[in-house]
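Below you'll find only one chain, the form predicted alone, shown as structure tokens.
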Amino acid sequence: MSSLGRFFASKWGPIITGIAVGVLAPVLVKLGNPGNMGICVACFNRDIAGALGLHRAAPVQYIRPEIIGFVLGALVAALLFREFKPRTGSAPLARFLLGMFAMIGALVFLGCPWRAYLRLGGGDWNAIFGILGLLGGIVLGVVFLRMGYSLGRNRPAPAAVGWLMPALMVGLLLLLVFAPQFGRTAEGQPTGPIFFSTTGPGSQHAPLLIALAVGLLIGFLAQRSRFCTVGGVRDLVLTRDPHLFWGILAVIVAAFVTNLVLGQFKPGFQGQPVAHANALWNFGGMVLAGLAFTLAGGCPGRQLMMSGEGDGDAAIFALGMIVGAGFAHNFNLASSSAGVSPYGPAAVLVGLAFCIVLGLTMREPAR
């Protein structure tokens, strides 16, 4: 292993990655991204789903270049360090549904694990309940892991399988740049296929090249360090290994300091950007998200990085999240700054039931 490889394999790898996330996310907010949403894998996938017309919630439609950068940055790192290994075949349908339910839980809370920690670093105390729920979901997932839960092992696949997700990201980048419109209504409104918000969070974004560069850098670092905001807690509980957990602490501290420097630290419960103050369902939504992420093998950011390494199963989970975002808005499950939707709590309970049944029944077949 090279000296650079040994460095990223040490505790400093996740710490450096966490610092990068904690610093660059508030900077992206300063440059135009929504408040306390410099980086949010769930929210950004929701915006992508809207831009592709999978839902028609007008305020949240934009192809976020950060997501594209995460996958392509991880691809570059994997190619440079000979870790691009196409693989697939581990319970793809289960992973797809886990991605959908993870997204539903995250949108009830309004954020992925990355955003939960970034919200805390920005002074949004509502994130505390979300983080407690996330921890609870991860611990429940660890219980299932100790009981023998497994989605089975994936296997080597043809090289083309590994290139599919990066190719999809290149396609998204082209759609972002050219934003094709194939027609208009009688009133002159575009009919798609690409939709961009003119108001709301989807209309707030940093310059494209800067956002893409940040995504590429974080994707590169996260692939090398195996940075994972769910795996850090899982490993700490399961094996008492704090290696990845240092990265989580680094995100919170770096975000806090950067927000202070930029004048963006605004502590409190009320009036926080793209957030609500319902403690129960901030907690409950993230219990579902934390459990689904744990059963799938990693947080949404980690899933994107693995898809850049050629992992087709991680790509299926990521696509499940995008489709889940479409369902969440089309079925009025997602929360908003006004509060929790009438149907979101029921969807969380359904998702928890699905995950618990999966956790109790999925075992790797005996060899």
Partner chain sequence: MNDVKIVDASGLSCPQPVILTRKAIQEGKFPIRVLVDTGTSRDNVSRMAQSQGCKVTVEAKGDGFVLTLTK
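Keep in mind the model is a prediction, meaning the values are calculated, not measured. Numbering follows the first chain given and starts at 1.
There is another form of this protein, the form predicted in complex with the partner chain, and it is not shown here; the text below is about that form.
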Exactly one stretch in 63-71, 297-305, 47-55, 329-337 has heavy atoms within 4.5 Å of the partner chain in the model of the complex; which is it?
297-305
Evaluate L120 for contact with the partner chain in the model of the complex, applying a 4.5 angstroms cut-off between non-hydrogen atoms, and reply yes or no.
no
Residue contact check: K85 to the partner chain in the model of the complex, 4.5 Å heavy atom
yes
Are any of the heavy atoms in T199 no more than 4.5 Å from a heavy atom of the partner chain in the model of the complex?
no
Is it the case that A9, even though its partner is missing from this view, gets within 4.5 Å of the partner chain in the model of the complex, heavy atoms only?
yes
Among Q264, N154, N126, Q204, just one has a heavy atom within 4.5 Å of the partner chain in the model of the complex, namely N154
Heavy atoms within 4.5 Å of the partner chain in the model of the complex is the criterion; list the residues of 121-145 that meet it.
L145
